[in-house]
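Below you'll find only one chain, the form predicted on its own, shown as structure tokens.
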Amino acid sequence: MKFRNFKMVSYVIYGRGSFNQLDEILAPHRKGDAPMIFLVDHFFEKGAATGDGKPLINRIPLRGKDKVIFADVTYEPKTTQVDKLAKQLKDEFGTVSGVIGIGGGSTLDLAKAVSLMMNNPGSSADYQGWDLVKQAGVYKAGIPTLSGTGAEVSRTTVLTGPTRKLGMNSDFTPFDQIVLDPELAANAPVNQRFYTGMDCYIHCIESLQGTYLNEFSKSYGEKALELCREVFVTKDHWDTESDDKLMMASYAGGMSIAYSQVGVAHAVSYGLSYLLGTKHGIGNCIVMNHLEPYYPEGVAEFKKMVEKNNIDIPVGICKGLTDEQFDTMINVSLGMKPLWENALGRDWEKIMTREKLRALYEKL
């Protein structure tokens, strides 16, 4: 048996107010007058504040030619968006000292992808898959303002390309630095916070019940699941402790799947995202609602959390789709082979037939 040699994030800082140390963290990585590029979730463009009441954009430590670019993440990152940003930066600056992603999972993935494309030829679509990236990107740091996706620790950057939704999975993809400051998540919209938190919960269920499970993944997955339950099941209100716990649940959940895999919910939601543009967190929730045959206990607990937190999960989103559209989703989903193998074992193709997957999509 061959074991994975797992590339991790190089540096991690955690704590309320740790964002204030960003200037000194970045200083050693500045190369001459080449700028740091701050890719910031457009949620903060209108002056949205963090836990200390100050607008986040006023707290970014700009120096010299540094630039803030607000990333429109209304839809999840596309390869065309990555290529356009990388070209824009090359045209304007030639090279940059680094790319700093500040936002939710989509913004963090965008930052990772742009960093890689500063130093790799062609289109980001050329690198969708496993271990296709050949050159390290420029320095990159990730600063989550939403907790749950695990994008801060993953070795992928999930992109929708011309033919599929698939990540740039490689040892060059993880961040060089992450800043985990729960204060930054203080004003997250309630529904979005829940959907993203459920992404973490679903990571844990899929990892802990998967065939790829090992003690490394299990240790992180069990802790992340415990923290998710404390936040969404045990607690009866949201407070600063909730943000603290969910940020660490996201980190641990990301570490768990990094050495195993996700499963049915993610594989199916990738099809929704590719065809309908459904965002990742909400897509997972829509699918999880119907996965009792695969994760009976997890789905029962998930439904309790939805009810307790007064969240509406959309229904009927596949109503009226054509055969061709269903086929597109099925092709994207069945292309996620490692996810299906983790969920159902090596004979997964005999279990998850096109007909069975079509019936599942029709329920959503």
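Just count from 1 along the sequence shown to find any residue number. Just so it is clear, the structure is predicted and the values come from calculations on it, not from any experiment.
Another form, the form predicted together with a small molecule, is not on view; read the next lines as being about it.
Screening 269, 107, 124, 207 for any heavy atom within 4.5 Å of the small molecule in the predicted complex leaves a single hit, 107.
145 is the sole member of 261, 128, 79, 145 with a non-hydrogen atom within 4.5 Å of the small molecule in the predicted complex. With the partner omitted here, the stretch from 36-44, 319-327, 60-68, 304-312 that lies within 4.5 Å of the small molecule by heavy atoms in the predicted complex is 36-44. The small molecule is not drawn, but in the predicted complex it has no heavy atom within 4.5 Å of residue 115.
Within this chain, residue 189 lines the site of the small molecule in the predicted complex, having a heavy atom no more than 4.5 Å away. Among heavy atoms of residue 73, some come within 4.5 Å of the small molecule in the predicted complex. With a 4.5 Å cutoff on heavy atoms, residue 156 counts as touching the small molecule in the predicted complex.
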